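To begin, one chain is listed below as structure tokens, in the form predicted on its own.
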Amino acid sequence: MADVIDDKIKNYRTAPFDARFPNTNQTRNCFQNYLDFHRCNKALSSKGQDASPCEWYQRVYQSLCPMSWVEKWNGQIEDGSFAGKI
């Protein structure tokens, strides 16, 4: 299983189609993958497991999201004022 994930991450080029977000506007897709990355990281880290499968979500949100949004969200997480549930 880990080999399959590693292959997908290694061969990653851009965000694949996600049926949950069929429209051209990918704002929600960006935000959802950002949340999924942090939730995945939190869940696996709390169990003491390797968080490398979470890299997939990180690559997707970095591909879709403007960096200014990501920097803003990261700042909000550090300040404790982030609106999303992680």
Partner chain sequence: MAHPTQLGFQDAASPVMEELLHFHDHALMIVLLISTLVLYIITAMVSTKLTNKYILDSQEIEIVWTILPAVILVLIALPSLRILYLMDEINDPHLTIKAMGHQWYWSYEYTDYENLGFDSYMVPTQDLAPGQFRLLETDHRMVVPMESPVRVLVSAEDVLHSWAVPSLGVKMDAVPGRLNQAAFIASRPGVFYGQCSEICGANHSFMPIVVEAVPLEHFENWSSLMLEDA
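Residue numbers count along the first chain shown, from 1. Bear in mind that the values here come from a model prediction, so they are computed numbers and not experimental data.
Keep in mind the form predicted together with the partner chain is missing from the figure; the text below concerns it.
Contact annotation: residue 30 falls within 4.5 Å of the partner chain in the predicted bound form, judged by heavy atom distances. The partner chain in the predicted bound form is not approached by residue 39, whose heavy atoms all lie more than 4.5 angstroms from it. Taking the partner from the other structure, the partner chain in the predicted bound form has no heavy atom within 4.5 Å of any heavy atom of residue 76. Interface residues of 49-67, taken as those with a heavy atom within 4.5 Å of the partner chain in the predicted bound form (partner not displayed): 59, 62, 63, 64, 65, 66, 67, in sequence order.
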